[in-house]
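Two forms, one protein chain; structure tokens for each follow separately as structure 1 and structure 2.
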Structure 1
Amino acid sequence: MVHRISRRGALGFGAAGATALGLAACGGGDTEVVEAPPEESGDLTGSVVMWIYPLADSASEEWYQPHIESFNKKYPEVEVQVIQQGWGSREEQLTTAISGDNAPDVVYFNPDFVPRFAEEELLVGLDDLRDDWDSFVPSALEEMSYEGTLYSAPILIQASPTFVNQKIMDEIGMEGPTTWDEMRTVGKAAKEAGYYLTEYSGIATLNHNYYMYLWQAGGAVLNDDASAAAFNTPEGLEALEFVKEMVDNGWVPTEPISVEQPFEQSALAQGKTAYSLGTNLNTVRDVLEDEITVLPPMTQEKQVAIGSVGALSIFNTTDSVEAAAAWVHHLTEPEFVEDVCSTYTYFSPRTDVTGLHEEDPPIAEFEQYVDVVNSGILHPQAREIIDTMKPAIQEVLLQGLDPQEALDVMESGVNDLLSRGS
């Protein structure tokens, strides 16, 4: 069955009783949506290619095989291929694939990817894919929605635990920091002992570095209606000056400010960094031999943790939209969510899947901070905004540009960008 619904207000529109498959599309600013698949179907045919990314360093395509097999028991005529891509240049890979008419059918997205591809009218609406969206964490659904339509189905919530290297903390005889002032104290002691306080990557997305400090200071990247920059404020200045203070005092290694480093070569992985603002513990434990202690997320004016939502979207360029919908439906069932979140140390986006990390207290403990996770700005130009700001921040940290001057430059650049539109 094929039908169309309006983009606006689609979330919560409900799909009760809608069991037939279908792609809906209507003109004039509406979006294509899929409905819930039948529980089993031998008639459903097609081929589905899914692009996923390494959810942990140990993740592999083979890990998905049992889930493909259980899916094929329900839909024997659907062929599923899982391709694990690298995290680097995700957007570029997708852009190349889409423009080359070779896009995957299903793709793993984080929240800041949704607005751009939704704005390009390339995603299928998922509001009616499940009739139990009310069993999902509402904010996770909100993060994956754009202009009222759900475009990506959550499979995991990432809240990267804040932690200290306990060996270093024991050596300097201090407790882990939970405020910026405590970071300063630990920074001085760590440096005297030959360690770094933390790391600051000037290459990675700002979501995990400057934005974090900005949000912790109580600031925001954009104003409420996302029409103008909102970071050129005392909070924005305080955040940038704090980062500069850490660099100037040698509390962070300078190399990662402009040069990309593999995680294994980072000071954190080599046991030279006392504190991490947030890193996937699975990845850390694979490399770091020292004991770590998980702490509450950093607080200045506000408590904010690094994290994101991991979800699956369907490109409307697919030839097998019903099959793709069935596959995404299968991967948002409690069984898969439980498996993926417990294997790769994530938290469940489903309220009916709980107690996943009871045998791993540090991770279980951090689940209470999922509510303070800020995953980034949801805007079609999120990436351009970050790329506009990054050079000025690097100039402050490496070449002595005055932080206020940098904020002025960034504000002007971002406002130009926003006024031009995507």
Structure 2
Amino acid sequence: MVHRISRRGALGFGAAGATALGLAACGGGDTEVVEAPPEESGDLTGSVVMWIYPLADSASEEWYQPHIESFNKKYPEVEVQVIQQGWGSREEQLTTAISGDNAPDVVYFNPDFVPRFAEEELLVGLDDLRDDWDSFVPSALEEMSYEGTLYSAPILIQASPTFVNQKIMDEIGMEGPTTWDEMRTVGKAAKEAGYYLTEYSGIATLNHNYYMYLWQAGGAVLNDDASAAAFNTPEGLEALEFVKEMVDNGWVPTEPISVEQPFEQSALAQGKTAYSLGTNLNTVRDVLEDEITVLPPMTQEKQVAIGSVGALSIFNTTDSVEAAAAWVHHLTEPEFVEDVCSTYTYFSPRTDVTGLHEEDPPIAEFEQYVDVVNSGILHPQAREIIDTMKPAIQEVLLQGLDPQEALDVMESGVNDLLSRGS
């Protein structure tokens, strides 16, 4: 049994915290720590609404119906409704739903959502939901925890494989890169042959571009207690200068730095890019006819892969906390984890559910790297920090701003943001 950690008061988040999410402060009493449900019960009642998001282009609400039916065999008096929402404006949708007293009972979260909603005391602690948390990948549990409490139960791990376009690599007569120096060598050869080394999307989250290079250099976004910026360091400068080097040498296309492109229009999809730091292979294979070769994640000082964790949280605004806990418990059982991860090409967060992609060798090969996935920083202001840093990075890449000057500007802006609090 995982050590029990008492929950903070449910529904009683303060006015200051409510303001941060644009919510009106609510009143309410404490709620029990959520416990593991009985294996089956005809006495457990309630209605559970779960908001999920498209886990693939083919994902639908109907896909969950067999799992609702298997759940109802154990808990026949609990009604479950799965509602698939769009990815766009997720946070705004949730904020509106909570403030309008219409929040879902269960919601699909990625790691950067947990600190914000946990800080507002809107989530139920899940430490005691299962007695086999030691059968889950430790990093997946860590990503979904905040200040020592597990707030979201992992159901999948997304690890975006690193790969090369083998046609390009054969043409330039080189192996795929696994270090920054090897990237430089491939970059020069690829450019001479009329290709790009890789891409840098300045519109995307920093979790998938600058942060990756920062972490690979051995740097960090925030200090150990998350009270101040930690990227204005030799490691942070090395990372930013490396990205600038790629741009200045023409090893990456410039348009994606400032313009969001449909994937089909990207240089990668058009077979013009030699290397990807991490991309969904199914998306690539649906468009690109060239052979791809999966590589180990990039290493400088550290080896880091792009990815994330998908998990389920329970809002403490629910009227059916025991029923919601039973539903989340059901969806973290091996049967559901195996189904969702094999159907939508994710990796399992459970150490007792492995080898799901043996018939797809490129995917299967990358499973060994799930423990080096870094999905971002666990902080209530993670998204605001990214928004604060992005403009200066784009100035470096497109307008010639000195990298050290940019780091100074970003450090000041992030520290000011942190000092104001969430």
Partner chain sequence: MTATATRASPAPEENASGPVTGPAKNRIRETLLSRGAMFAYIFILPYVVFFTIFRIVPALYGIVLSFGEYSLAGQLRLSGLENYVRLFQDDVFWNSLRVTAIYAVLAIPLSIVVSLLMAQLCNRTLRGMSIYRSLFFLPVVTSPVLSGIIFVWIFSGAGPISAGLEVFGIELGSWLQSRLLVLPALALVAAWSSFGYNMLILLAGMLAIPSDYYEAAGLDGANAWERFRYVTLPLLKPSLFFVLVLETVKSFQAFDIIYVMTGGGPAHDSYTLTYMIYDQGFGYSEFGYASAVGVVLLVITLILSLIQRRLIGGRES
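Note that this is a predicted model, so its numbers are computed, not measured. Just so we're on the same page, residue numbers count up from 1 along structure 1's sequence. We call the rigid core whatever largest set of C-alpha positions still superposes within 1.5 Å between the two forms.
Participant: Decide which single structure shows the form predicted on its own, answering 1 or 2.
Facilitator: The chain shown as structure 2 is the form predicted on its own.
Participant: Aligning on the rigid core, do we see the C-alpha of Glu358 shift 2 angstroms or more between structures 1 and 2?
Facilitator: After core superposition, the C-alpha of Glu358 moves less than 2 Å between structures 1 and 2.
Participant: Quick check on Thr318: with the core superposed, does its CA move 2 angstroms or more between structures 1 and 2?
Facilitator: Passes the 2 Å threshold, so yes.
Participant: Once the core is aligned, does Val370 move its Cα by at least 2 Å between structures 1 and 2?
Facilitator: No, Val370 moves less than 2 Å.
Participant: After lining up the core, report the Cα displacement of Glu91 between structures 1 and 2 in Å, one decimal place.
Facilitator: Reported C-alpha shift between structures 1 and 2: 3.0 Å at Glu91.
Participant: Superpose on the rigid core and then read off how far the CA of Ala103 has moved between structures 1 and 2, in Å.
Facilitator: A shift of 4.4 Å at the C-alpha.
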